[in-house]
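Single chain ahead, written as structure tokens, the form predicted alone.
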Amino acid sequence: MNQNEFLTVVLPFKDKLFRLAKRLLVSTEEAEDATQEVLVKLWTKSDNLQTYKSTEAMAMTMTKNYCLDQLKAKRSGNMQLVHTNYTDGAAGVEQTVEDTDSLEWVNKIMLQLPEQQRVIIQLRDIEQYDFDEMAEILKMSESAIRVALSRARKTIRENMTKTHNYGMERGR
């Protein structure tokens, strides 16, 4: 595989690799390093890439594993999941403040989720992966992913409901 063929295969999902790395590692610099490392590993395997069912799924798995290895090496307890693609068109100041506050609460709640649930939310709700692709990336069954996703969403929903109903009387 020559360089142009490699770029044709890899460029469509390069940004997804970076976003996953950024979600797991938080630091932009570390995410860039992780993406670069994965791309280098893919280049070293470039002659065999056609043998894989999905190069993108393999690359996402490599990125996830590399980031988790980095986190274990650092023993970092400050992982964050930040949705940097959040934009609010022409909302008023009040709505913008409320949305920002809600997003901060969601991020805080997500920090409390188990690592696996965080990755599943990232892949499904942010990166828009299908369940079969996620199963391949995470080496889990689709049903296990659906259960974990449901639990993560339920946890987020319940905590957001508690946050928004704090101090309000019930039964009225």
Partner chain sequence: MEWSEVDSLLEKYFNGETSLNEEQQLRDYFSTQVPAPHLQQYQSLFGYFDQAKVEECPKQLPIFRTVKPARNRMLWWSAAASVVVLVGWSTFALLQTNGTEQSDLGTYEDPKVAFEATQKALSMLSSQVNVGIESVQYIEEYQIAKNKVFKKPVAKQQGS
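Positions refer to the first chain, counted from 1. Each form is matched to the other, and the largest set of C-alpha atoms that superpose within 1.5 Å is called the rigid core. Since the model is a prediction, treat every value here as computed from it, not as a measurement.
One more form of this protein, predicted together with its partner chain, exists but is not displayed; see below.
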With a cut-off of 4.5 Å between heavy atoms, is Val106 one of the residues that contacts its partner chain in the predicted bound form?
yes
Partner proximity in the predicted bound form: Leu39 to its partner chain, non-hydrogen atom cutoff 4.5 Å
yes
Distance check, Ile126 to its partner chain in the predicted bound form, heavy atom within 4.5 Å
yes
Is Arg146 near its partner chain? Define near as a heavy atom within 4.5 Å, in the predicted bound form.
yes
Just to confirm, with a 4.5 Å cut-off on non-hydrogen atoms, which of Gln112, Thr28, Asn48, Ser141 contacts its partner chain in the predicted bound form?
Thr28
Core aligned, does the CA of Ile156 move at least 2 Å between the shown form and the other one?
yes
